[in-house]
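First, one chain by itself in structure tokens, the form predicted alone.
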């Protein structure tokens, strides 16, 4: 029997409605906000978890955390649980709120070097106790994927992924795209690794495989002295200057136009060049969901190249930020070189 560890951090999937507390005017009508439920309440809605051919065990955060409050300390906690219990289970499923799931799952993909077992993040758009909830389908399929093995007994998808609606995506290629629909995530620059219908169809030629004989290595040191600078028409020098002169700043995600283009104003070139000379790593990331940075393709990107800005190719902002934080924390002396290299399938590098 395959064994899967379900790690619950919180999120909509684990939530229930709380009646509104009586207000100053005595109004008690209507439903209250969504609040985390204890795991016994959650399990009562999901008896299927313990009725199949996969042994599921649960480890829960105490207290459960809204995904808006999740950051590096929570990423360390999730990764440490997986690392400590790696040999006990065939795969892992992480319940997580959707708002920052792409950040957390991307971070885990870089933290767990030589991963050879599935780590599947999932959640839901509606709480598990709601009649039309997408929680059950997402969770049960995620567990099946986490336990799936080929004929030789090897994990079919041994990487960090996100399963939502009916698609399995490489985690560090995802972005939350919709707060209303059940298909909350998309991977704009890389196809799904699997699609679920009556059967789950895997696409192993798209999967990133590590050396199964190599030991799992855990990386947990993050340096959060990073920022995102999003360019827009009419951006003022004072805005750019203020951000680039933040005390202790070490890395910047520069969100540019189109294929990596920026205004040709000399003041912008000077500010970026001076920042690079101060040792700040600046990486060019297109604001478009689909497509790649192609520095030098248009003349309006030449100043960025001359200033020492690096190409982020087709990486997502979520993956680039978490990758940058981990590289700056783990190997700052090599961070500038490694930031433009594909580590675990997060970017398509145009040689």
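Quick caveat, the model's predicted, so the values are computed rather than measured. Residue numbers count along the first chain shown, from 1.
There is also a form predicted together with a small molecule; it is not shown, and the following applies to it.
The small molecule isn't shown here, but in the model of the complex which of 124, 256, 174, 161 has a heavy atom within 4.5 Å of it?
Result of the distance check: 124.
Which of 67, 303, 292, 317 has a heavy atom within 4.5 Å of the small molecule in the model of the complex?
Exactly one listed residue reaches within 4.5 Å, namely 67.
Which among 226-234, 110-118, 96-104, 141-149 is in contact with the small molecule in the model of the complex, heavy atoms within 4.5 angstroms?
In short, 96-104.
At the 4.5 Å heavy atom threshold, is residue 327 in contact with the small molecule in the model of the complex?
No - in the model of the complex, heavy atoms of residue 327 and the small molecule never come within 4.5 Å of each other.
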